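Below you'll find only one chain, the form predicted alone, shown as structure tokens.
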């Protein structure tokens, strides 16, 4: 027993920094945030115990519910298009065409590019004046200029398009890895049986990518509910709160209004929503895939 412990001692030593990091930067903030949900703490001053007042306030806060609704709408605009576009790009690369390497570079470039830089480009593209690139193109073909980021009906669509553009490259890589893992014998058998490309895709490729669908679905769902950067950089949550997502509202309450207790409640509400959706996705998408 002692010998076995000595053999693993070096492993325990290397685990110590990871465990320290986990307890200080992950477990402690989670627990401290839970305590803050029962406190009124404006950062400066002594925290005051208020019981369930912060939780009660959430259920009466119309702006918080609007922020959740905006986040859900954003998720609907974002999740399926991101997955579909990633799959299409992966299929394009996997087809073995000569330009597949170029596609890899073009569509993965936004993933490694700073969100601030891309947001700056997006702000110019969708500027709601004649100086904006898209409105300039509209003018050339005789279409009316659009407000885009200044419109409460269009701004969220622009943010969704920006997020899809930023993320679809990494989604493409996940699907491409999944396509590479499918045995070629299946496609050979399908060709012998006379199956066309469309039937081959629906009967072989799509079902065998189920683990990838599950993984990509989970990470895109979590990402959609954590959307903050684009709302902060491009619209500031406006116009008329049309792009105020739950994370942006949490930021406003915590760091602008200095209501850390209420912001912690919003953080836990966000956790419960994402956790529930992840359980649903696990139930309906997490299935074993056999190649035999």
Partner chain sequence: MAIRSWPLYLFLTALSLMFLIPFVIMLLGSFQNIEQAIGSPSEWLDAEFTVQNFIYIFTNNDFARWIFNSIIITIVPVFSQMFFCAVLGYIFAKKEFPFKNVIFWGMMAVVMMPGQLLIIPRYIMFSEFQWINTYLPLIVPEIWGIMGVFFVRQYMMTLPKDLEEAAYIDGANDFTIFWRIMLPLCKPVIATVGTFSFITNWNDFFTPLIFMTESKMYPITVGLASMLSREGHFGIEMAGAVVSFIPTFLIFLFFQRYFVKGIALTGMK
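In this text, all values refer to a predicted model and were calculated from it rather than measured experimentally. Here, rigid core means the biggest group of C-alpha atoms that superpose within 1.5 Å across both forms. Residue numbers count along the first chain shown, from 1.
This next part talks about the form predicted together with the partner chain, which is not shown.
The shortest heavy atom separation between residue 152 and the partner chain in the predicted bound form exceeds 4.5 Å. When the partner chain is considered in the predicted bound form, residue 65 lies well away from it, no heavy atom lying within 4.5 Å. Though the partner is left out of this view, residue 55 does not reach within 4.5 Å of the partner chain in the predicted bound form, counting heavy atoms only.
In the predicted bound form, the partner chain lies farther than 4.5 Å from every heavy atom of residue 157. Among the residues 72, 189, 84, 121, the one placing a heavy atom within 4.5 Å of the partner chain in the predicted bound form is 121. In sequence order, 260, 263, 264, 267, 268, 270, 271 are the residues of 256-272 having a heavy atom within 4.5 Å of the partner chain in the predicted bound form; the partner itself is omitted from this view.
A movement of the C-alpha atom of residue 46 reaching 2 angstroms or beyond is seen between the shown form and the other one when the two forms are aligned on their rigid core. Annotation for residue 277: C-alpha shift of 2 angstroms or more between the shown form and the other one, rigid core superposed.
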